[in-house]
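Below you will find one chain, with nothing else, as structure tokens; this is the form predicted on its own, and questions on how it binds or moves follow later.
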Amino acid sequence: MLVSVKDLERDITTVHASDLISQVLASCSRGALWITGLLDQQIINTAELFDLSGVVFIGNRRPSADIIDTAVEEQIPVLVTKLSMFEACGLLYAEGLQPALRS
């Protein structure tokens, strides 16, 4: 974990996997875990806006210091995995997590 936050007791039941911020804005439900390979400052702003549980950067991609600073300020957990998006989603699905689709 790159960003430590006080409250990690949040239950995560849904996941949204996308590299498009517009897709998150259009269809992601609140509280989801966001999996992305996009390294953009707006990732954390969007995660905060939608009260997302956290952001996982795939492919061992490392966010910039600016992204991490914003995540610390907004208390958004940020993690990095070496897994591909396909692998990360498959593992989370196998653990019972569901797609984060807004009704």
Partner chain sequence: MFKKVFRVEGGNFQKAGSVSKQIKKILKQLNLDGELIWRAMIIAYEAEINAVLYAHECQVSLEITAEKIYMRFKDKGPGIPDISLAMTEGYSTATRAMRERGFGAGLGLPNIRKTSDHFEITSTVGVGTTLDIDLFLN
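Residue numbers count along the first chain shown, from 1. Only a predicted model underlies this, so the values are computations on that prediction, with no experimental measurement involved.
We do not show the form predicted together with its partner chain, though everything after this point is about it.
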Checked N45, S64, Q75, N60 for heavy atoms within 4.5 Å of its partner chain in the predicted complex; positive is N45
Would A94 count as touching its partner chain in the predicted complex under a 4.5 Å heavy atom rule? no
Considering non-hydrogen atoms and a 4.5 Å limit, does its partner chain approach D19 in the predicted complex? yes
Would you please decide whether L25 lies within 4.5 angstroms of its partner chain in the predicted complex, comparing each non-hydrogen atom pair? yes
Just checking whether I68 would be counted as a contact of its partner chain in the predicted complex - the rule being heavy atoms within 4.5 angstroms. no
